[in-house]
Structure formats: structure tokens, C-alpha cells
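The form predicted on its own is given below as one chain in C-alpha cells.
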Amino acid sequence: MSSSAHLKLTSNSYHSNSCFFSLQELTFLTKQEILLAHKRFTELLSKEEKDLPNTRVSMERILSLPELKSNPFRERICHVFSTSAHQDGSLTFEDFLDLLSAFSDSATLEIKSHYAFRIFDFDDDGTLDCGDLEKLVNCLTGETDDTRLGPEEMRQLINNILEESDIDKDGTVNLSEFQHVISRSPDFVSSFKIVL
């Protein structure tokens, strides 16, 4: 579901068949998955918020979901899928569906790799540079003294990543180069998922 195709929903208007059909058409989710997503999203809302249209759930509450709690990229995921003008990582139900759709088993390699690239592009400049790659590695290895790579190990790893991925040799990885690398990784599609 693209940001421009968002539907205006409240808990009361949600259950119409045309609404389900629209949501299914705009996502990679089944009716059952949409129903479960709605149930899980509304559980994060206060009683007063449930009747308001386009209610936003704070990133803090979204990150309380067990499916995101242990994901090392949880905050970036919220920021990438949030349509908040405040850039606070809060999500509407439509944002939440976008997130689940991109991480669903039915999403295409192109969709998954596009969102993975955006999540890994920590400075949102459209490329993965050395700073992004260092943050990516730190997210994957953990940021404790026991697990963090030393400066020389990090430099060598980033050089190896760029050597393999940076086809045009400009010192960064763009979306096309990233998708080329991902296309050679058979486990990517099956591992890039969040299931409620």
C-alpha cells in the first residue's frame, strides 16, 4: 500500500466488505491477516482513541509488540513506515498495514529490497555510505563492548561490503546496487518478514 493510497478508517467503519477488498488490493495481506493486524493495532489504542479516525500510535507503543521488540532495526522500521509530519515514528493503522505488507511472505523481492534499503539508509540520503554501513553492522552485532567490532575490523568489513556491492565505485551503495546484491541472496525474502 503506498502512502498516497491510504484509506480513512475508524474502528467503526473498518468492517465493511468494500473496505476489506480495498485493503487487500493495496497490500500483500489476506483478509484474515488484515483482521489480525486491526485487532493487534487497536489493542495498542486507548478506549478514547479507538473511535477517532486515523489515530496514530506512538513508536514506543508499536515497539512493545513482541514481533518488533527484539528486531535490531525496530526504530528505523517505524521511521520508514511512518507518515507522521513530525517524523516521530508513530504509525496510523494504514502505516501499520504498509509495514506488515512489506514484511509479509507474499511481498515481492523488489518491495522487500526497496524497504530494506530504506531501513538501512540511516541518514535517508538515498545511498548506503560508510556511516550507514557502520550503523547497520552495529545493529546486527550488537552495541556492547563484547560484540562491537574494533575500528580496524569495521573498516575492513565496510571495505569488503563496498568491494562486493559498489558496482559504479563511487564509495556508496545505491538502491540498484543493493537490489543486485539481494537478488543473489536466496535467504533474503524468507528472512525479511514480520508475522503477527
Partner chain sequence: MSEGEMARLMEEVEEKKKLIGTIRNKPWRMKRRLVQLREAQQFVDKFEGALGKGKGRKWYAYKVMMTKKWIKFQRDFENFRTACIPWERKIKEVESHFGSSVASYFIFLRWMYGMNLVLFGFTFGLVVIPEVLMGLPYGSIPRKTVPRAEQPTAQDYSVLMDFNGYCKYSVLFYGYYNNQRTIGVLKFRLPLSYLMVGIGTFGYSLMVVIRTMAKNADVGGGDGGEGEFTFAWKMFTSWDYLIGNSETADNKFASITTSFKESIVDEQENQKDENIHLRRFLRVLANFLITCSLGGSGYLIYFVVKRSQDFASRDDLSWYEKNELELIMSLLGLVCPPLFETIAELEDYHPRIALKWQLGRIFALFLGNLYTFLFALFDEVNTKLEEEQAIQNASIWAMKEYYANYTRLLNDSESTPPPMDPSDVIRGPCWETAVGIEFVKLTVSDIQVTYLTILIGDFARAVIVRFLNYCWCWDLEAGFPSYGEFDISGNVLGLVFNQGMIWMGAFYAPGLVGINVLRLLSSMYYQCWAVMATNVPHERVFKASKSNNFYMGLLLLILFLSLLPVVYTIMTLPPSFDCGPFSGKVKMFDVIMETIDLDLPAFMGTLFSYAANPGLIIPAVLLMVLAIYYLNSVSEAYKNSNLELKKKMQMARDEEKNRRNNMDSTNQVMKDLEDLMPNQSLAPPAPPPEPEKTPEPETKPVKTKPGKGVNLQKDVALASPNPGAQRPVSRPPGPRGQGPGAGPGRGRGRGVPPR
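Residue numbers count along the first chain shown, from 1. Because the structure is predicted, anything quoted here is derived from the model rather than measured.
Only in words, not in the display: the form predicted together with the partner chain, which the text now covers.
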Exercise. Any chance residue 46 has a heavy atom within 4.5 Å of the partner chain in the predicted bound form?
Worked result: no
Exercise. Using heavy atoms and a 4.5 Å limit, would one call residue 105 a contact residue for the partner chain in the predicted bound form?
Worked result: yes
Exercise. Do residue 62 and the partner chain share at least one heavy atom pair within 4.5 Å in the predicted bound form?
Worked result: no
Exercise. Would residue 110 show up as a contact with the partner chain in the predicted bound form if we use heavy atoms at 4.5 Å?
Worked result: yes
For this session: Scan 53-84 and note down the residues that get a heavy atom within 4.5 Å of the partner chain in the predicted bound form; none is a fine answer too.
Result: 66, 67, 70, 71, 72, 73, 77, 80, 81, 82, 83
